[in-house]
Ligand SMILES: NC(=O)c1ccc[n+]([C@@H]2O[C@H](COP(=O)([O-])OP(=O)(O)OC[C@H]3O[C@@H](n4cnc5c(N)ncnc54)[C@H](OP(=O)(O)O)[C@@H]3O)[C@@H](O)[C@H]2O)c1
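Just the one chain here, the form predicted on its own, laid out as structure tokens.
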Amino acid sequence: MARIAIVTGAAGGIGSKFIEKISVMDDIDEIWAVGRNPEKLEALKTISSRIVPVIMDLSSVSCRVLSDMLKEKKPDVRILVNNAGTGYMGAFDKMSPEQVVQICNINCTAPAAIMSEVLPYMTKGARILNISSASSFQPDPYLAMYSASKVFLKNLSRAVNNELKARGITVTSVCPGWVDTGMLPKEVNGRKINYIGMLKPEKVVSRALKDSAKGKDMSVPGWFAKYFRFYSKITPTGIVMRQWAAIMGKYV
């Protein structure tokens, strides 16, 4: 029985770093790299010959491809990384209904559905890492949909982690602050954005894998995310939102 890892959003900044880190693990036979772009997924094979590209568009919330592979191979899934995500920086009333639905599909429905598909193939010691965000610690004006979707993923992760303790399976919600990937716009309306406490993807990934190996239900990498988590706990939400709106409002 093949021991596998599954990484969604595999070709992106955080996803590709997970691929790199997992590829040197001795107890993983294959890494199923999930994404939309066949060329980018094929390019991941330069990292390891154990990469198996899985072409899936998670915006459609169809896990049929992955489901069929699992039923055929019946693998021992040791690691699942739900990394695929999308966002929108700007006012909610400027978003189209299609954009709203897409964020819900990719950030909420898809990772929950994939967890449901994969769990029957997991045994004691298996790990799930769901990439949430420090934005899940409070409502974020001008990142409203992204923030709300990451609350869903964080709460789902922590609750299911509690449920799966008897099976010896860990679910970790990974909540970084700003991460230096292609997902973040460098400027809005010609104005350069100053991202406080920006982290490199490799730091997020290294911390997340260590925390999940320790059985933690949350991984909060970097000083900014840790500070923001604490600050959001002790400060009234209305104040936090006004401060956040003042910072982000000048860009959007």
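The first residue of the shown sequence is 1; numbering continues from there. Everything numeric in this text was worked out from a predicted model, so none of it was measured.
Absent from the display: the form predicted in complex with the ligand. The rest refers to it.
Peer 1: Using heavy atoms and a 4.5 Å limit, would one call Arg36 a contact residue for the ligand in the predicted complex?
Peer 2: Because a heavy atom of Arg36 falls inside 4.5 Å of the ligand in the predicted complex, the answer is yes.
Peer 1: Is there a heavy atom of Ile196 no more than 4.5 Å from a heavy atom of the ligand in the predicted complex?
Peer 2: So Ile196 does not count as contacting the ligand.
Peer 1: Indicate whether the ligand has at least one heavy atom within 4.5 Å of a heavy atom of Asp57 in the predicted complex.
Peer 2: Contact with the ligand, yes.
Peer 1: Flag Tyr121 as yes or no: does it have a non-hydrogen atom within 4.5 angstroms of any non-hydrogen atom of the ligand in the predicted complex?
Peer 2: Taking the distances in the predicted complex, the answer for Tyr121 is no, it never comes within 4.5 Å of the ligand.
Peer 1: Please name which of the stretches 121-129, 161-169, 175-183, 71-79 has residues with heavy atoms lying within 4.5 Å of the ligand in the predicted complex.
Peer 2: Only one stretch passes the 4.5 Å heavy-atom test: 175-183.
Peer 1: Residue by residue through 212-227, tell me which have a non-hydrogen atom within 4.5 angstroms of the ligand in the predicted complex.
Peer 2: The stretch does not touch the partner at all.
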